[in-house]
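For reference, the chain that follows is the form predicted alone, supplied as structure tokens.
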């Protein structure tokens, strides 16, 4: 039996057994191309259609508003580049937040957009009024993630969307469109696009215990958006290439399961998370990064004085505990722009570690983690 403790669910969650059971018959028996006219192709097309419908139901949208992708990064790039392409005659100004995921910031840079980055406060919160003040007549897109992947802080997307909508209505314009990266959210928060009132929503399969290499972008009907790829007419002409049917089925199954158990699992993990917070903060020289209350129930990011976070993570790994220093997308030893945006100094940033709990996490795991961290810190210091 594996005795390791996995506390890096924000990077990737293990595949749900239900998702695998949904995928296995598709992988083995449904090899047809959904664009083909024969029986095998029609069967594949029907399976793909059902996946669209299932994902749409989970986010309160229509099936034809769901574009299946290879993951959140591609979805984000489609949202940013497709919106800027459609609105190119109006302008190329984008508003985003200092703690946004690197995929969003990178896509904006790749598009050559004129960007305004709105700061956050010391707890990681963004002020809605600051976002609205940053809007201009040539603003095409606003992108604000629903929940931060590094510090777990939740942004009030619904409140922001209402303010943006009021700004648009005053000018009689459909711009700016509002995009939210909800990759970290579905396990713990409702991602109903009708309630959130967003124009574009990014989803990630491996974050909801689905297979890697799958994700989706929800594009609301009538939102001005243009395809950025050349090629075939798959996904209603919005994302060419033969579809990953098994990935779509696994993603749809995993997302449905996450939505079904969301409330129960959120409550369970919040209790465990708070036990971990209390245990770690009781250790000398430990500080919480980000708001303690308005954050995902599975996320904890703490700074340990006098140590290097990377060394601590490696020592934890050797002791059988998987954690991280931040976003898995950064790689290398690049300092966290998210923690820097909170106003933290270099020593505190370098001494920070992220623990993200999941379905396999138990109270015994929390107890052991606190014990091992304290033991390692004593040796490192």
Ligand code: PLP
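It should be emphasised that the depicted structure is a prediction, and the values quoted were computed from it without experimental measurement. Positions refer to the first chain, counted from 1.
Below, we turn to the form predicted in complex with the named molecule, even though it does not appear here.
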**Prompt:** Considering 219, 76, 142, 300, which brings a non-hydrogen atom within 4.5 Å of the named molecule in the predicted complex?
**Reply:** 76
**Asked** Among the candidate residues 164, 103, 95, 157, which is the single one with a non-hydrogen atom no more than 4.5 Å from the named molecule in the predicted complex?
**Response** 103
**Prompt:** So in the predicted complex, does any heavy atom of residue 72 sit within 4.5 Å of the named molecule?
**Reply:** yes
**Prompt:** Within a 4.5 Å heavy atom cut-off, is residue 273 in contact with the named molecule in the predicted complex?
**Reply:** no
**Proximity of residue 184 to the named molecule in the predicted complex, heavy atoms at 4.5 Å** = yes
**Item:** Non-hydrogen atom contact residue 295 with the named molecule in the predicted complex at 4.5 angstroms
**Value:** no
**Message:** For a quick test of understanding: in the predicted complex, does each of 10, 149 and 207 have a heavy atom within 4.5 Å of the named molecule?
**Reply:** yes
**Request:** Could you tell me which stretch in 314 to 322, 42 to 50, 26 to 34, 64 to 72 has residues with non-hydrogen atoms within 4.5 Å of the named molecule in the predicted complex?
**Result:** 64 to 72
